[in-house]
Ligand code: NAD
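Read the single chain below, which is given as structure tokens and is the form predicted on its own.
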Amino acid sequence: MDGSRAPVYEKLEMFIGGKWCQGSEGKTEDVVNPATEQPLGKLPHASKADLDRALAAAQKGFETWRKTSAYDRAKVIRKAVDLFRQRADAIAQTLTLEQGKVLGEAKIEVTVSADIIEWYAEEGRRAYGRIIPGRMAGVRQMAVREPVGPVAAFTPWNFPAVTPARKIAGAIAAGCSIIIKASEETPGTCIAMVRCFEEAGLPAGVLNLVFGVPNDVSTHLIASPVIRKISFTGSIPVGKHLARMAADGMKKATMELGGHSPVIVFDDVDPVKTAEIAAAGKYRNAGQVCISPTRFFVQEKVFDKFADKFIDIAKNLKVGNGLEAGTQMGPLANIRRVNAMEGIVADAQGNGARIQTGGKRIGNQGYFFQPTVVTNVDEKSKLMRDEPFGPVAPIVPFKTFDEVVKRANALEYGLAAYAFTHSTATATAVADALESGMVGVNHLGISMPETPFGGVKESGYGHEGGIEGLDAYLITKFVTQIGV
């Protein structure tokens, strides 16, 4: 980027009932650049009165939007996408400033987010019902698809564009209104996205954006009878808490929660090429990815070659400010992740693990942590049991198919899993055996706008993406009619 001109950060505001605003009680918090630890701006917090205004606006917006044809809804959404793409470079810079990831990764995320929104614009026009043959002449039986109602959505800091895009686009393409609480640590990207929908002519109240103390906001919104659907992306403990609140109101919920993705490398593959693919996936966004490959099980015959190449890649990654040319991995998003990485590494060492490279914080300004590879890891270590959500990779050997499948499936997680093999029979067998909502065989590309994204076991329920993602915002009404 041009170092002579500092990037411009987004103006921090909330959007309620078609109007940009600050919080009515004046409460704010700093948004911090994780590469410099310098504040980027002050983010307003919503008061209960502000949240009530958002709820009233969402109810009114829903009554308007649900009556708008899918054809006309799609036109507005596509116009928003056009604006989003025109501003992609500036939005990517905002994303890197507040989240830390390398600018090239931020640009890809913005591009993918635009594709997600565009896909939902088109798929919303195909929310088909069906005609069911009657048992007697003159009876017409119809299953009609309708929007569920106003939505409350909550998104995390690791993908500030993709996660809001999935929820906003899915909801409004289905004809719902939505109140979204994006992450307070990375608000600017979602604000920029909402501006595009506003300028595209989305009716007031259909899309509302608020910020605040997360538990206070979620408790207030989910308890309201206005809200009929909840969508959350985040940790398992928080997801369980929100799911309990949603259950009290019998409200539909989509829970995209944590993962600890196993990667099984069989001995019939090229270990060097496979290590290149695996390492690139592991250190993307400094490992702060829910579907990041995180537990590397490598068959004994190719273990050394795989591990050597993986370690070499980790040692030579250039870590730095995501806006600087040549940077390959940015900082962690916050100091909590740095502390977590130090704790995970210390626990692994305490259980006999060997740190092959990395393992420490870099410098004392910015939340930088060394790309880390750990071997000889005990299965009881936190690194093998708990989602690391950072640039620490355990590599362990295995002997047999049955053994590794048992180890891969041993945890409560079931979001993503990966396997590498040249055998069609093995590929089919391992895809069938892995207890996971998504399985990638011989590549890591498991997330696209047109495919379902979601987990099993404690990694959540429901889907985003694909026809399943649109279905999450729809209900089925059965209508039977007879002529008189």
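So that there is no doubt, residue numbering starts at 1 and follows the sequence shown. All values reported here derive from a predicted model rather than from experimental measurement.
The form predicted in complex with ligand NAD is left out here; the points below concern that form.
- Among Cys290, Ala80, Ala169, Ala161, the residue placing a heavy atom within 4.5 Å of ligand NAD in the model of the complex is Cys290.
- A heavy atom within 4.5 Å of ligand NAD in the model of the complex is found for exactly one of Gly234, Gly175, Gly205, Pro391: Gly234.
- Comment: 250 to 258 is the region of 264 to 272, 250 to 258, 307 to 315, 355 to 363 lying near ligand NAD in the model of the complex, near meaning a non-hydrogen atom within 4.5 Å.
- Within 4.5 Å of any heavy atom of ligand NAD in the model of the complex lies no heavy atom of Glu98.
- Among residues of the shown chain, Glu123 is not one whose heavy atoms approach ligand NAD to within 4.5 Å in the model of the complex.
- In the model of the complex, ligand NAD sits within 4.5 Å of a heavy atom of Glu387.
- Ligand NAD in the model of the complex is approached by Asn215, whose closest heavy atom lies within 4.5 angstroms of it.
- Along 149 to 178, a non-hydrogen atom within 4.5 Å of ligand NAD in the model of the complex is carried by Phe154, Thr155, Pro156, Trp157, Asn158, in order along the sequence.
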